[in-house]
Each structure stands twice: as structure tokens, then as C-alpha cells.
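Shown next are two forms of a single protein chain, provided one at a time as C-alpha cells under the names structure 1 and structure 2.
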Structure 1
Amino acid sequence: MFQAILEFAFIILIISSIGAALAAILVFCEKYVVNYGPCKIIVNDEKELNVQGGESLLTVLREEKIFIPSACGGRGTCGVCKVKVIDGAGPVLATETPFLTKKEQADNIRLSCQVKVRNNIAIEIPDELFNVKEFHAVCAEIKDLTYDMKRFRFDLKDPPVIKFTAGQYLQLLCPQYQDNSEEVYRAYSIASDPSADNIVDLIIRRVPNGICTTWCFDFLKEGDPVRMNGPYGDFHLSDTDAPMVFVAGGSGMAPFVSILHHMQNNHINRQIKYFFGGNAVKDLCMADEMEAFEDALEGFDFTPVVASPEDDESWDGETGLVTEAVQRQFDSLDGYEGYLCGSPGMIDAAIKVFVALGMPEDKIYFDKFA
């Protein structure tokens, strides 16, 4: 019996290896052997791009300096890089359907990272994407915030200034390095003061084996040149006087730092309760900055929450999940607005809590980075 199981497992291994090899051959042929020749991309029925076929629509547009937002850098895992393809894209792929509603599919919305340019294509994109720019900058400062989180400050060189709305994000280009054989883009929220328009601050948390975070933590040095593009995103402060609840964890701190700077600059004193969660005390950061905002902004209150303090950590503040702290401090969130930044799981859990406490879903704002 045991021998039969081993033989069956061996057969499965062989079949899997053959399948993987065939897939690799197909990818190789697609990239290096098949020649689709010159293709045209018609953008918004007015701009014509002459390009070489074979790459993804996302990549080809980027090479033409038209930047489509993509939180995952084109891996097909975020569902952000949506464009309307009027003609020439072929059928919707199985890799796209998890991210597209039936209505979006009926309206010819596609993931640009999954659409290959093999022939002439006609697309529609929002006009504001033509205002997205590529920035050349220099890494000016790298500052430790926690054991696994750093703030990277970049001095802008070309163009020398950026105009963005507090809460938006940029795509940082990670170049080839060591075992990373291709350039990739990753999305990071802007953490800097919008009034300091010649710099960009990004708060980045190390992801084990992450392509871009490994480069940022282990290879990027002060003085190194970098490229980024943006700004992107609709996450920003609403134009109301409603009281607000902020919830974040880890590098989700970034957009709220920028939003708080914006509020201080413009003397906006709306009521804010900010819950920031960490697994342990060592995961908390920027306590001094938050205290300064509490002094500067009437109605702002910062509440750090530690899920499970370690044995050697002294902590007398809120404990448990950050959403549990929200439930302990509020009986109702009717009339409030919610602002979230963090992992998809945290965002989903927070939305459920907000709605259960009476906050309408259309008053909950977030950018969910996969």
C-alpha cells in the first residue's frame, strides 16, 4: 500500500513538473520568440500610439509614459489597473474575472496587466491619468521607525516639485538587483507634508522575501537615484465637518501623516479618533509625531492598540484587535466617517465593525493594497 502511494505521488510530481516546464516554455516563446510586429493603441479616440506588440497593455502604456495605477506592480493580484478596452483585447481571462464585476465585464473593463498587445487596440482611460508624471529623485534619508519599518525621504530632481492630495500614493520603481531579474513597480502611500512639495516621504514595512522591500531595506542607500510615478488614488479627506475615525496598522500610518499635515496647514479641526494597531509594542511608531498633532489639532486623539504585548514589554494601553478597541470606545458611529489603511483583512474587519455601529458604507474611505 505504501509503495503504491509513493508511486502515485511520483507520477503526480512528474506530471506537475511537465506542466510547469510547458508553462515556462510558453512564457519564453511569448516573450522572446513570437513576434507580433508593430501595433497601434488608440487612446480615448484621439491619441494614437505606435508600439511593438507582445507585452502587456500596462507595460506598453508605461513605456509610452501613460501610467495606469497598479498596487501590485502588474502581477495580477490587486485588480487596480482597470481600463476600458473598446476593441482588440480578446476574451476576458480567468485571471481577470475575480476582480471584475459582471457589469464591468459587460462594459469592456479589463485588467491592463493581463491584456496582451497582439494587435491594434482601442482603449479609454480617465483624462486625469495624463497628468500623472514620472519623477526622478534621490534618496536623501533613511530613518528607522521600528525594527521592520523605515521612512524613506526622496528629494525630487526632475520634475523638482509634486502636487498631490494628502492620502494619495505613488508607484516606486524597483530596479534589477542580485536575484531580481526585472524591474517592478510597487505602490506606497505618500507620507509627506503636501506643502513640502520638493520631497516625498514613503513609510515602508519589510515584507519577508518581498522584491521591492528587500531592495529598499538591503540595497537602497542614501544618495542613490530612484524613479517613481504618480500621484494616484481617490483616498483623501472629505469636504465635510463630520467627525472621523481613522484605523491603520503598520505602514498604513503613511497617508494619515500626510492628511494630518494637511489639516494642520489648513486649520481644519474636525473631531478625529485615530486607532493604530500593532501585534506588539515594538510594532508601534511615530508616537512623538502623533503627540505633536494632538497638541496642534483640536479634537484629535491618537490611540495605539497592541494585540498581544510580549512578556518583556510594558504596556498599559488598549489591547486586542484594533477593531475591538473601536467597539469598546464607541456605542454608535452614526454620523461619523471612516478612513482605513492597512492590510485587506484589517480593512474588511473594520468595515464590518463600522457598519454594525451605524456608519453607512458610502462614508467609509480606503485604498486597499494587496
Structure 2
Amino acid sequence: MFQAILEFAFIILIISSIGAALAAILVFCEKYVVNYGPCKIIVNDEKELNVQGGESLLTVLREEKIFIPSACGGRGTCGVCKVKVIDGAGPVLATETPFLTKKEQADNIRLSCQVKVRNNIAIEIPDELFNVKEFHAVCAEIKDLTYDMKRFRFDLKDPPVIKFTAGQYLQLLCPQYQDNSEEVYRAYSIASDPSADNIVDLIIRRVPNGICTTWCFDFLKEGDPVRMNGPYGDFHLSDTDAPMVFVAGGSGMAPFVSILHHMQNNHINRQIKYFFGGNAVKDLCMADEMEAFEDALEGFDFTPVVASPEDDESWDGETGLVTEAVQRQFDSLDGYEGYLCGSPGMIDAAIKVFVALGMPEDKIYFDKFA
């Protein structure tokens, strides 16, 4: 009996070993042996790229210097790398469905990091993505803004200049460090003057146990080389003359610094009321820079708002939630445009207040970053 059981176990062991070996061979062949040969990627019905098959669409496009935004380095965990694939992508994979709505699936939207190029593929991407470049830069300066926020200045090396619209963001590559064995990309709004095109400033807030922010705060040093790509995003100033309300908190300050520089450079003197909220006085930052903008821009008014000053903090400015300060200062926002940048919770709260004060939803601009 025991002999029979042993024989049975042995047979099972052999069968499962063969199965495992076959699977390993398959993975190996897929990666190194199978040659999908030359394939064509047709972009927006006009551009034809001749590529070698076998890699993901995201990687192949990156090799062709077309950068699709991606926040996880192609590992299928961020859902950011969406592209419309008109033809040639095969069925939607289980790894994609968590990130695609039914409508997106019906519209042939796919995660480009999960689509493998095995044959000719036709895709549609927004024209702006042709301007996206990869930058090699050096961290030139790290400046504390608050206890949990820093401004990182990067000198661009290759290419040495960037052209972007104030309000756009870049993707910073966080390399492997310490126990974190994976490279990841994270998005950060550009906080610098668009006319100072040889540098970029990013304002980064530390996120507890965050992969990229831990690297930025604890590992990245002045003089270190970094890689980033961009610019991305369509958060920017409208070209109307309407008065505006800006609401931001934390690192949401970043795109507004760039927008204010742009306004100063171009002598745009629209009326702006900027509410910047923090929980305590220690969360506020860039008071001097905002004062300089108040001097330079006739219609600009900066209002810092502190939710509840701590016992040892003296504060005689606006208190309460940033949205409450907006409500105190305006009876109506009819005719205004609203610009928001901050946490998803703050954005939701501000939209409610704007709408209640009569601002149409299509006049409220934000990158919710969710």
C-alpha cells in the first residue's frame, strides 16, 4: 500500500515538474526566442513606425520617442498608460479590466503596457504626446518649504531645455533604492517659470511610506542625476478675461506658481483670488513669493487659510476650512472661473462650494490626480 502511494506521489511529482519546466520554457521562449519580426504601428492614421515585435506597446512607443504617461513603469498597476488601439491589440487582458470602464472597453481603450506588439497595430493618441520628451537632468537644489514639503530644482542636461504650458506635469523616474527593487514613475506638476526653460522646479510633499517621496526626501541629493519625461496634462489658464478663484492645499501650490509666472511674463492682469489652505500655520509656504506676485500682478490677491492653528502658533489670518473662506468672501461666483489643485477630498469639497455659489461646472478646472 505504502509502495503504491509512493509511486503515485512520484508520478505526480514528475508530471508537475514537467508542467513547471514547460511553463518556464514558454516564458523563456516568449521573452528571448520567439521572434515576432518587424511590425508596423500606425499612429493617428498618418505616422507609420517600423518596429520589432515582442515588447509592450508602451515600451515600443517609448523606444520610438513617443512617451505615453505611466505611473508604475509598465507593471500594470497604475492604469495611467491608456491608449486607443483601433486594430491589432487582441482581446482585453484580465490585468487591464480593473482599470477600464465598460465604455472605455467599448471605445477600444487599452493599457499600453499590457498590449504586446505581435503584429501590425493602429493607435490613436493626442497630438500633444508628440511633444513629450525624456530629460536627463541633475538635481541642483533641494529647499525645505515646510516640515513635509520640499522644492526640488533640476538643471536640464539632455535635452537642455523644456517647452511646457504652465499647469502641466512631468513624470519623475524613481530608481531602485534600498529594499525597493522596482523603478516607478510618479507625476509632479511643474512649479517653475515657463520662460526659465533650462530648469524645472517640482514641489513634492512627503507621503507616509510612499515609494517615490521617500526616495526624494531621504535618498536624492543635490548633484544626483535624474530622469523624467513630459510635459503632460491639460490643466492650464483659459484664454478668457474672466475673474478667477484658485484653491489649493499642500503641493497643489506647484502649478499655480508656474501659472502666476506665466501671467507675469505675459502681462496678463486678470482678477485672481487665491486661497491656499493648510491645517496648521506650519503647513503654509511661499509667502514671500506670493507677496512678490501681489506686487507684480495688479489683480492678484493671496489668502492663506489655516484650519486650526496649533496652540504654539500665532495666526491672525483666515481660519477654518479653505472652502469656508471662499464662502465667507463670495456671495456669488457667477461669471468666475475656478482652478483647483490639491488632494481629491479638497477638490471635491471646493467643487461643491463653487457650484453652490453659481459657478458652472464647465468653468471649474482641475487635475484630480485620482
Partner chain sequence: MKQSPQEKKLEEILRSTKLVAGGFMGTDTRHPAEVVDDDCSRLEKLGLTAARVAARMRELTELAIPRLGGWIEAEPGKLRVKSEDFKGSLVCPWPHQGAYGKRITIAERMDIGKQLVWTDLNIHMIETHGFFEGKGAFFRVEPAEVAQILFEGLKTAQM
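What you are looking at is a predicted structure, and each value in this text was computed from that prediction instead of being measured. We call the rigid core the largest set of C-alpha positions that still match within 1.5 Å between the two forms. Numbering for residues begins at 1 and runs along the sequence of structure 1.
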{"property": "Correct structure when looking for the form predicted alone", "result": "1"}
{"property": "Chain position at the hinge linking the two rigid parts, options Val132, Glu55, Thr97, Val184, forms compared between structure 1 and structure 2", "result": "Val132"}
{"property": "Angle through which the smaller rigid unit swings between structure 1 and structure 2, given in whole degrees", "result": "24"}
{"property": "Per-residue Cα shift, Ile41, between structure 1 and structure 2 [Å; core superposed]", "result": "6.0"}
{"property": "Core-fitted comparison between structure 1 and structure 2 - CA shift at Arg118, Å", "result": "8.3"}
